[in-house]
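Have a look below at one chain only, the form predicted alone, in structure tokens format.
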């Protein structure tokens, strides 16, 4: 399971009691772009090992925005990134997850969407997002990206909303901004977006390829496997390009720097929201480049809305996915690190303050379901 460090309301003891043998974490207290020292890595590793588990996967070693735009101090930043990889390897950590999403790490419009059973889930509603974009953020020329029907529906929704509902939507949308505990203003967000004004999808792909050509040889030499996480959601938002959303994007990444070290974080949640993605087909074609697995389920509709479903109950055929992954592990002899991604807020956790999607009970429920599914399929094979 993922652990956010000492400030995480879900403790290492909680995670171990759930049956986990390892955790996925990062050095969140180190500013993006600075080197992760051996001392800091070892300190975090020691805490986890004292709790009876291992630190096997970094999630994430963040990529500074200047590296994505190849501007500012990006030359030094890439050297810092390389040194962090060497330091992680020196501490025997072998899988590093990262993403290349501009500005936003993810986007939801409601982190407390109430399900029929009373639990709460993360939800993205397209019209609500358009309201945020047009009327709360007031991004210049945003209306050009939407249909007239969407503009009309968003205007009607905005007129019907109370001040409290507008504030809730605004704050919910900001949760995907790194460090969003700060008081972000529309001016700050628009300034960040402006740094990508001259960067379209093709240019961002070129920048990613340049990043990979620098990073992957270092990772390979150190014995580290890099796992890029798909975009969430997997399509352009706020005028920002998205380039890790489809199987064609994965093919470009693999071909940009061919190496066993240049691989993927296979996230069924992110990939499943894009209807053209064949999740089992992706495993068939890129199984040997899958270095880390996020298993979560989503339920989507034709209007672009989706929410996090229970792990075994959504649009993802989790049985088929798990069977494919087990086949890959049997064929390669590699045990893929796997975690339940996100979870519903349930039971006692409904009364606690938790990281959205990362409360304890919902993730443990998902973990139990996935472990049972894995065991059953493995025995049957």
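Positions refer to the first chain, counted from 1. All values reported here derive from a predicted model rather than from experimental measurement.
Keep in mind that the form predicted together with a small molecule is not shown, yet the notes after this line are about it.
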Every residue of 98, 229 and 341 near the small molecule in the predicted complex, heavy atom within 4.5 Å: yes
Among 253-261, 197-205, 105-113, 68-76, which stretch sits within 4.5 Å of the small molecule in the predicted complex, heavy atoms only? 105-113
Note which of 225, 242, 294, 120 lies within 4.5 Å of the small molecule in the predicted complex, where distance is taken over heavy atoms; exactly one does. 294
Heavy atom within 4.5 Å of the small molecule in the predicted complex: which of 327, 354, 60, 56 fits that? Just give me the one. 60
